[in-house]
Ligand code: RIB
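Here's a solo chain for you in structure tokens, the form predicted alone.
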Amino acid sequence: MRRFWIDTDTASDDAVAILMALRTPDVVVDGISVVSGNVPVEMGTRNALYTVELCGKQTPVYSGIDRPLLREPSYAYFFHGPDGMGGMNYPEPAGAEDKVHAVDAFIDAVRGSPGEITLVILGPLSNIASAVRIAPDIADKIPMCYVMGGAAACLGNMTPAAEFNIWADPDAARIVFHSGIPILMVGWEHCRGEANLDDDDMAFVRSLNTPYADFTLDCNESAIKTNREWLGDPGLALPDPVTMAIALDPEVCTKRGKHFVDVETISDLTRGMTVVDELGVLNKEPNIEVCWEINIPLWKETLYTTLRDE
């Protein structure tokens, strides 16, 4: 069995990514830590708990950092809806979050099982930055980390230069990127264009006629509308599930390379920009692996597999 830890600011696409991991037979999710980002941490925690229960699991959910390390929080209701889940107003989950703080729970899990837990980060990096500041030794105990964040080609969705997760807490992202954790950065660009679920793809998902397939489309209702009207994409963009697909099947990422990557934290114009030294002009030691291309049919099939009945 593979062991994952998911760090998330649970809104609609995060929820689908969590579902993918929970419904993959050879994956055990040791814990889900929630951070402020798309929505306040309390709302994100509730959304994570609901998703866990939908999947019939008992995965512990931990509430974590409730604001960026050095900045005021900014939420993404405009994209994900007033509840972060497309305005579906799902019922309150029956369970409750664990009383241990997310940062402490993550440190304990990694120290307790060194080299065994793959980290998948779907939101701002505030929780993980706090963890490596408190316990820098955990960096050597994480075998692999997949980060949904950044834009390697400098095409942002929050500013022209920055993707939301990195923009929301660039200071945390910079700490994690320089922590020594083995990271594959999966930029926002990989969910766009043909990687969207278009009308035919969404009709196919609906035809699966499972609660997981319906959930995938229903909770993203607001995201579909905003993605089309605001960004001009053809359908549903799912950045977090694309990243989860790569974590589940690394063959989804067809071109990757290790580069020196830094995060802009000072400039108002380029705050949160992931600066990728693709050509090595700075002559600095590469610190981050970057996903440059994905296999789009394989990404979609990886998603569909988790939405079918068992």
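Sequential numbering from 1, following the sequence displayed. Every value quoted in this text rests on a predicted model; they were computed, and no experiment measured them.
Heads up, the form predicted in complex with this ligand isn't pictured, but that's what we're talking about next.
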Quiz item: in the predicted bound form, which of 169 to 177, 112 to 120, 201 to 209, 232 to 240 comes within 4.5 Å of this ligand (heavy atoms)?
Solution: 232 to 240
Quiz item: Of the options T45, T274, N38, T51, which one has a non-hydrogen atom that comes within 4.5 Å of this ligand in the predicted bound form?
Solution: N38
Quiz item: If you check N196, S222, S130, N157 against this ligand in the predicted bound form, which one has a heavy atom within 4.5 Å?
Solution: N157
Quiz item: Heavy atom to heavy atom, is T216 within 4.5 Å of this ligand in the predicted bound form?
Solution: no
Self-check item: in the predicted bound form, Y146 touching this ligand (heavy atom, 4.5 Å)
Solution: no
Quiz item: Using heavy atoms and a 4.5 Å limit, would one call H190 a contact residue for this ligand in the predicted bound form?
Solution: no
Self-check item: Contact set, 158 to 177 vs this ligand in the predicted bound form - heavy atom within 4.5 angstroms
Solution: E163, F164, N165
